[in-house]
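First comes one chain, alone, set out as structure tokens in the form predicted alone.
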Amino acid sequence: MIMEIAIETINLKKYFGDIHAVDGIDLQIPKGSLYGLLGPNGAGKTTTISMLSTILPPTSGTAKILGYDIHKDAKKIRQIIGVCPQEIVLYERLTARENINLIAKMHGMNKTEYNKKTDELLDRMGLLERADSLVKTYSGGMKRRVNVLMAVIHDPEIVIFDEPTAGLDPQSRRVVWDFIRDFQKRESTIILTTHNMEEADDLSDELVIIDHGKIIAQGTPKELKGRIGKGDVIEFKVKDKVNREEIIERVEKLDFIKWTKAVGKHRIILNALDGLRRINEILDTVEVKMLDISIRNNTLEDVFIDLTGRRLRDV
């Protein structure tokens, strides 16, 4: 079966003077997939989607959205995409219903159609009871949810969510995650940018990890976690004056240790085959007091650490 490509980028670059915000991105995003762009703040995620949505012109390279060229067909692309920006963008003196309806009118929807759909969307986000309140009276989480609805009111074929759950409490975040999953079932193609590891792992069919404007890894969440091997991830903290390099050198001599990293100022992370059962051997080898010990399975953050040598939140 031939895979239909919804979005393709070819050596896409964006420079701001000496800053290479996006430095040669090549992507092929299948139609109907939920594609995650994972990386720290400043990695180039928002700049990439700004070019895909024709807000920013690339320095060089190009991209196609459902066959339309971002240089030649910008007007058409804007008609078939929906964008939920990282920053909340609302008209504070309008109600939630009026904000959503305004976007519907801009896309030429008829009143009967958008009135019904607006109520359905507000209800799914738990906002129907407050639909006619001015959004300036809303909490930050409620405003974020309205922004998500504004991006999808016109049933776009391509939807871009740029950090859609930034600043949300855990309950609101789950509501947005469920909404995005449900929306994907309509066979829309979704791009999700995030620096939230759990979000990327939970939602993405496939994802790329971006750092310093370049793709440093690509695959399904399972494939990416598998690349650093099986085993237990053990993380612990040591005191200020302890030489972590000496500890790492000793630990890496154990034949069941797959990799070891110093992270932040005082922490060490290692991957050990059958690490839980052999924790006493590790304790004896470390030879210093281990603080805040945790043992878990591989996560996408471990993948990022393996690739860059630092935590996502440390950059």
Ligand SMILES: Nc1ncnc2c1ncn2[C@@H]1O[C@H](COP(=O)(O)OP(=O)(O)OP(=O)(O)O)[C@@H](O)[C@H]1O
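All residue numbers refer to positions in the sequence shown, first residue = 1. In this text the structure is predicted, and so the values were computed from the model without any measurement.
The form predicted together with this ligand is left out here; the points below concern that form.
K.L.:
With this ligand left out here, work out from 27 to 35, 46 to 54, 279 to 287, 252 to 260 which stretch has heavy atoms within 4.5 Å of it in the predicted complex.
P.N.:
Partner-contacting stretch among the options: 46 to 54.
K.L.:
Here the chain is shown alone; which of 218, 86, 95, 115 has a heavy atom within 4.5 Å of this ligand in the predicted complex?
P.N.:
Going through each option in turn, the one that passes is 86.
K.L.:
I'd like to know if residue 61 sits close to this ligand in the predicted complex, meaning any non-hydrogen atom pair within 4.5 angstroms.
P.N.:
No - in the predicted complex, heavy atoms of residue 61 and this ligand never come within 4.5 Å of each other.
K.L.:
Could you confirm whether residue 300 comes within 4.5 Å of this ligand in the predicted complex, counting heavy atoms only?
P.N.:
No - in the predicted complex, heavy atoms of residue 300 and this ligand never come within 4.5 Å of each other.
K.L.:
Applying a 4.5 Å heavy atom distance criterion, does residue 163 contact this ligand in the predicted complex?
P.N.:
Contact check for residue 163: yes, within 4.5 Å of this ligand in the predicted complex.
K.L.:
Indicate whether this ligand has at least one heavy atom within 4.5 Å of a heavy atom of residue 275 in the predicted complex.
P.N.:
Although this ligand is absent here, residue 275 would stay clear of it in the predicted complex, with no heavy atoms inside 4.5 Å.
K.L.:
For 6 to 21: residues with a non-hydrogen atom within 4.5 angstroms of this ligand in the predicted complex?
P.N.:
Counting only heavy atoms within 4.5 Å of this ligand in the predicted complex, the contacting residues of 6 to 21 are 16, 19, 21.
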